[in-house]
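Next up: a single chain in structure tokens, the form predicted alone.
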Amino acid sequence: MAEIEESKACWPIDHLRMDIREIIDGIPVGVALISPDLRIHAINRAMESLTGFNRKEAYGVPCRYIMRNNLCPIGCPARKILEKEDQISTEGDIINLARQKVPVIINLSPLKDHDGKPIGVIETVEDISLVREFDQKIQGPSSYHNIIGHSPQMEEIFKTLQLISQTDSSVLITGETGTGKDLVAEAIHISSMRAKGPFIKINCGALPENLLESELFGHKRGAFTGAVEDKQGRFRMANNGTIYLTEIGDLPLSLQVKLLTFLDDKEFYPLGSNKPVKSDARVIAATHRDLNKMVRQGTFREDLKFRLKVIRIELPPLRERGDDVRLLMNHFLQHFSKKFNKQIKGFSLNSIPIMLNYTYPGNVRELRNIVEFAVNLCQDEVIHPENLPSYLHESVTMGVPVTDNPANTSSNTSTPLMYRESLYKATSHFDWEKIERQMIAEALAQSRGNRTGSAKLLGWGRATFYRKLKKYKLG
């Protein structure tokens, strides 16, 4: 501690510190000023968010304990800057206070006095975790960034997303819960010109009104009891980037007026301040609520609704996306098999109809959870019916229809799906015996008549398989 205290009073730019803090706080990437003895002299808000350390904790501490990047042990880049008076730009990883590994781009440059002598280092750190994550995703006609789907509805949405990524207009995303509104908002940001800026997300329904206003627009010290220092707020943090307001239907009326003012003027007043603050942030909002109905009920401003939905994206429920169910089943199976280090190759023939004939009221999120559950329980190379949640079996025995309008189910090429369609053409009710008979026939066809192989495909024992053959007179 004595070593730290000694370092706090000896840097030549000390008298400029307050001005520099204001300047670097406006920069959307993490910034740190490092003294010649390699200690933190100042960090901005973005660096606080990135590392998890606040500026008071970081001040005077050796930079390797705050930045914690993978370059420190193999050759301190700040020391190289001071010795060679050069610039360094490289990719690396940092470990934040929550012990999370964050991929970043690190830039270091020397700070010099009037005589050109190095007096310190300025380091910028840019979080590229979203870019790195998206780069690892499969790109192709069935996906847009990390959104998966090849149904006509999703293909149309992918085309729209490509177009609006070139604009800067407000976007309103609507759809049932679990349809992927958060993924769409992230995709819009990452494919836009603001991709290098911050992506700030806040749930408008998660905080009470007084706290939400402070969280969104910030406050001045003394604005209310407990406001011991200035707070910049999410809109200011999103400067040069995107602010994503989820559950916009839960925004109180008083804050709707403030949001409307920001959309019109790109400025707002923090709590306790009469000085406007400008922020160049793109607004994306999302809700599962019916805003038209809320306008009629007087709980949502009509003028705000029109300002938000300059561009509107309506995400379809999973039950209307046809073959996307099978596509997502396989996608999540691969994801969780890899995550849990399992060698699961697919779904058994008798588990597929159960999955395909469920209506998924929780949409893609529910399907994802079901597959994660099944992969956790599965001890074989394929997912069996007993690995699925029990309520799926109950829905089958109750004859739950696959869609509200089965006739609209799109055509496909997967065998179980073809069977499902033919079944619905024949009858509007679920008939398990017909499905089971068809599954046995398909298994025999796939295994070229090999009964042991057919039983394995279905996940049954040989005795069960022979009993079913006899029952359906397929032997």
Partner chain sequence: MEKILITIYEEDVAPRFDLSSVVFIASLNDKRETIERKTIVLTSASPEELCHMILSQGITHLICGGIEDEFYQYLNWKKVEIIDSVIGHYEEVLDLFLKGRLEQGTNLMFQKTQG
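In this text, rigid core is short for the largest set of C-alphas that superpose within 1.5 Å between two forms. The structure displayed is predicted, hence computed values, not measured ones. Positions refer to the first chain, counted from 1.
Below, we turn to the form predicted in complex with the partner chain, even though it does not appear here.
Contact with the partner chain in the predicted bound form, defined as a heavy atom within 4.5 Å, holds for exactly one of 379, 297, 341, 166, namely 341. Though the partner is left out of this view, residue 438 does not reach within 4.5 Å of the partner chain in the predicted bound form, counting heavy atoms only. In the predicted bound form, the partner chain lies farther than 4.5 Å from every heavy atom of residue 462. In the predicted bound form, the partner chain sits beyond 4.5 Å of every heavy atom of residue 434. Shown alone here, residue 70 lies within 4.5 Å of the partner chain in the predicted bound form, counting heavy atoms only. Residues placing heavy atoms within 4.5 Å of the partner chain in the predicted bound form fall in a single listed stretch, namely 98-106, out of 245-253, 98-106, 119-127, 185-193. Shown here without the partner chain, the chain has 39, 53, 56, 57, 59 in 36-59 lying with a heavy atom within 4.5 Å of that partner in the predicted bound form.
Once the rigid core is used as the reference frame, the Cα position of residue 75 differs between this form and the one not shown by 2 Å or more. With the core held fixed, the Cα of residue 207 is displaced between this form and the one not shown by less than 2 Å. If you fit the rigid core between this form and the one not shown, you'll see the Cα of residue 93 move by 2 angstroms or more.
In the predicted bound form, the Cα positions of residue 57 and residue 236 lie at least 3 Å farther from each other than in the form displayed.
The pair residue 93 and residue 234 separates in the predicted bound form: their C-alpha atoms are at least 3 Å more distant from each other than in the form depicted.
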